[in-house]
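To begin, one chain is listed below as structure tokens, in the form predicted alone.
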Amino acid sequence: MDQGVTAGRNGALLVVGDVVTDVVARHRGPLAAGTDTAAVIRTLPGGAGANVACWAAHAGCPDVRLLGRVGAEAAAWHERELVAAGVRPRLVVDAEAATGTVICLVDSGAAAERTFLTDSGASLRLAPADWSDALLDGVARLHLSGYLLFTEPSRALAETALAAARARGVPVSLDPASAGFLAELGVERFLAFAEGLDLLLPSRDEACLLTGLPDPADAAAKLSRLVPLVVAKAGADGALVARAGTVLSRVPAVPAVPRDTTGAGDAFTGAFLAALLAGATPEEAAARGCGAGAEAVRRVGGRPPHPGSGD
């Protein structure tokens, strides 16, 4: 049995990834070009890496750590929000770039579909100089946000972190993060990096893009010939768990009426990793992930409620 993939290990979860400020605008119906569209707008903490860390803590992982990079103007706010969520942040403050910002346009109709306008800012300026192998002390699993691969400095950081983890025998997971940016990066470059992973958590669209196959199950199966464990997130269709070229299980979604689908995939990933570290099987962990995804879409923004907030 591969202990890094199928069994819990005593130790922390270290997430390396993006910390951004989300401006969530919920509107109903199409945007009115050239004039006003009424919307409910909120400014919230976000970022795929930070969201995963917060959802892992929310799911019960007792020691969640996060390495990220922010601008000076929002560093204190982001640190407070992460600590309040139960995460131990190590935020590098960028002296030259502002904190990354994402404008999330959310159609408040039945599908709650969202569109992102992304200014990565400081978040993807993480570089190898921001890494220390000591970050892995006491860590049982490393998770990398796929956004790291989309700029040269942060891709070099991801390669450094992956090599350090492999040298210590720490399993490494990655969420591809964005089908749009993935297409720009190039499938071959992504797959070359993925060869060093133990676990890949793509969305349905990302799995299909990475394999060129139209069926998510076929895509997950093919990816699992490259990465030992693949868990493909399929939204309202649940999740697929694949290993060694075979889909082992189809985990159903938890029904939910969505308000905002921002961060649903991050919620799945965080809860999945927390369950895996606690000793769950991949199928059990995927069920936990589906539950967290359902909780996420009922909320506005990409984070879980703070512990004890009653939210």
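In case it trips you up, residue 1 is the first one in the sequence shown, and so on. Note that this is a predicted model, so its numbers are computed, not measured.
Beyond what is shown, the protein has a form predicted together with a small molecule; the following relates to that form.
Listed stretches are 27 to 35, 41 to 49, 62 to 70, 242 to 250; the contact stretch with the small molecule in the predicted bound form is 41 to 49, by a heavy atom cutoff of 4.5 Å. For Phe116, a non-hydrogen atom is located within 4.5 Å of the small molecule in the predicted bound form, even though that partner is not displayed. Interface membership of Gly302, defined by any non-hydrogen atom within 4.5 Å of the small molecule in the predicted bound form, is confirmed. Proximity of Val20 to the small molecule in the predicted bound form: non-hydrogen atoms within 4.5 Å are present.
Using a 4.5 angstroms limit between non-hydrogen atoms, Val102 touches the small molecule in the predicted bound form.
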